[in-house]
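One chain comes next, on its own, written out as structure tokens in the form predicted alone.
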């Protein structure tokens, strides 16, 4: 029983810690982030005047999920969501999940 519990805890820690780092390529992500920086800041600091949130310091899984939501239309399609409607087409510039992972990996290097 104790062994099963120990194995379960070890597996859980492994899963949680493996999600802590973005799986993407930060070098490729830096190039892709150039477009993002126009609104979110060169260092991911966010720009209040554009209502663009700070990205530096966000968890990679969260950034990827939000990009996926914008790209799929879960977010950014409500006409009352002006800022979301601005973000949705920007997410379309990331051609696939790998591109999103690359951007998230680069943002992760910016600290927070």
Ligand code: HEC
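Positions refer to the first chain, counted from 1. Only a predicted model underlies this, so the values are computations on that prediction, with no experimental measurement involved.
We do not show the form predicted together with this ligand, though everything after this point is about it.
Asks: Is there a non-hydrogen atom of residue 51 within 4.5 angstroms of a non-hydrogen atom of this ligand in the model of the complex?
Replies: Output for residue 51 is yes: heavy atoms within 4.5 Å of this ligand.
Asks: Under a 4.5 Å heavy atom criterion, is residue 23 part of the interface with this ligand in the model of the complex?
Replies: The answer is no: residue 23 has no heavy atom within 4.5 Å of this ligand.
Asks: Do residue 35 and this ligand come within 4.5 Å of each other in the model of the complex, heavy atoms counted?
Replies: Yes, residue 35 sits close enough to this ligand in the model of the complex that at least one of its heavy atoms falls within 4.5 Å.
Asks: Is residue 77 part of the interface with this ligand in the model of the complex - any heavy atom within 4.5 Å?
Replies: Outside the cut-off, so no.
Asks: Is this ligand in the model of the complex close enough to 40, 66 and 83 that every residue in that trio has a heavy atom within 4.5 angstroms of it?
Replies: Yes, the whole candidate spot contacts this ligand.
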